[in-house]
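The chain below stands alone and is given as structure tokens, in the form predicted on its own.
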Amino acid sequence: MTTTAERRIDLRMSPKDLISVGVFGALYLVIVFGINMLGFINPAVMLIALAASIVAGGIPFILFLTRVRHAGMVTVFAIVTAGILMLSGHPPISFAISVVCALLAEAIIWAGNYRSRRLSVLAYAVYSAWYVGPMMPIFYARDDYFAGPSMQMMGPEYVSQMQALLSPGVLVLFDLSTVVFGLLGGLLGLRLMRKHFEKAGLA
């Protein structure tokens, strides 16, 4: 992905690194949040929107990885984006899962010396597993989750539909699918980068 191989573990961030994290983190959040807004229609659409946002989020994430040249940048990306999402209502466990996924993604791109495009796709697939976090409390605090203020503001009919839809089996299937949709998103990001962004000098 990069022209220079700097397989170093250095958590120091240059201004250029921080700008990359800020720009692509903002772009990632706008795409993910914008698509997930469709979930307000009903719970079934919510699951579809989540899957679509995982795929679409691969575009800014793969572009971001073209700027990553050392360890720490993906983790900072996760801390910033997951921190903002936690402030918007995501549970704290979602933040913790995001950081763990980012560390795993860091290890993958490090193994590829920050050059391997295939491993960048895999890194995004692993990073996308953070999507299990927002609904994780349903497994261990189901009643509290649906009684929370963020659910109650959706209205009793929406909550009732969501309780009926999100059985443990459906949740496990969704959790497993995050990696699959992450792979699709990574491949989409890689394809667009080759077809458009490299020609435009953006990657």
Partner chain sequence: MTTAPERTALALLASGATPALRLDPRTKALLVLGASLSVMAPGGEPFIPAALVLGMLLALGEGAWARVLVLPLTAAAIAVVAYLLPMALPYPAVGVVAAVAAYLLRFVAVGGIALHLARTTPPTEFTAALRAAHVPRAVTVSAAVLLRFLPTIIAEARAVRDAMRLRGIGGWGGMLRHPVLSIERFTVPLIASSLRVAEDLSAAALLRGLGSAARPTAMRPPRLGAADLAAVLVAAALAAITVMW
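Just so we're on the same page, rigid core means the largest C-alpha set that superposes within 1.5 Å between forms. Numbering follows the first chain given and starts at 1. Treat the numbers as computed from the prediction; the structure is a model and nothing was measured.
The same protein also exists as the form predicted in complex with the partner chain; that form is not shown, yet it is the one meant from here on.
K.L.:
Exactly one of I79, A111, A96, L103 has a non-hydrogen atom within 4.5 Å of the partner chain in the predicted bound form; which residue is it?
P.N.:
Result of the distance check: I79.
K.L.:
Report the residue, out of A129, A71, M86, L119, that has at least one non-hydrogen atom within 4.5 angstroms of the partner chain in the predicted bound form.
P.N.:
So the residue touching the partner chain in the predicted bound form, by this definition, is M86.
K.L.:
Residue-level contact is defined here as any heavy atom of the residue lying within 4.5 Å of the partner chain in the predicted bound form; does V172 satisfy this criterion?
P.N.:
Outside the cut-off, so no.
K.L.:
Please check if L176 has a heavy atom lying within 4.5 Å of any heavy atom of the partner chain in the predicted bound form.
P.N.:
L176 lies outside the contact set for the partner chain.
K.L.:
Heavy atoms within 4.5 Å of the partner chain in the predicted bound form: does R194 have any?
P.N.:
No, R194 stays farther than 4.5 Å from the partner chain in the predicted bound form.
K.L.:
Using a 4.5 angstroms cut-off on non-hydrogen atoms, would I19 count as touching the partner chain in the predicted bound form?
P.N.:
Answer yes; at least one heavy atom of I19 falls within 4.5 Å of the partner chain in the predicted bound form.
K.L.:
Across 121-153, which residues bring a heavy atom to within 4.5 Å of the partner chain in the predicted bound form?
P.N.:
Residues within 4.5 Å: P134, P137, I138, Y140, A141, D144, Y145, S150, M151, M153.
K.L.:
Do you see a C-alpha shift of 2 Å or more at M136 between the shown form and the other one, with the core held fixed?
P.N.:
No, because once the rigid core is superposed, the C-alpha of M136 moves less than 2 Å between the shown form and the other one.
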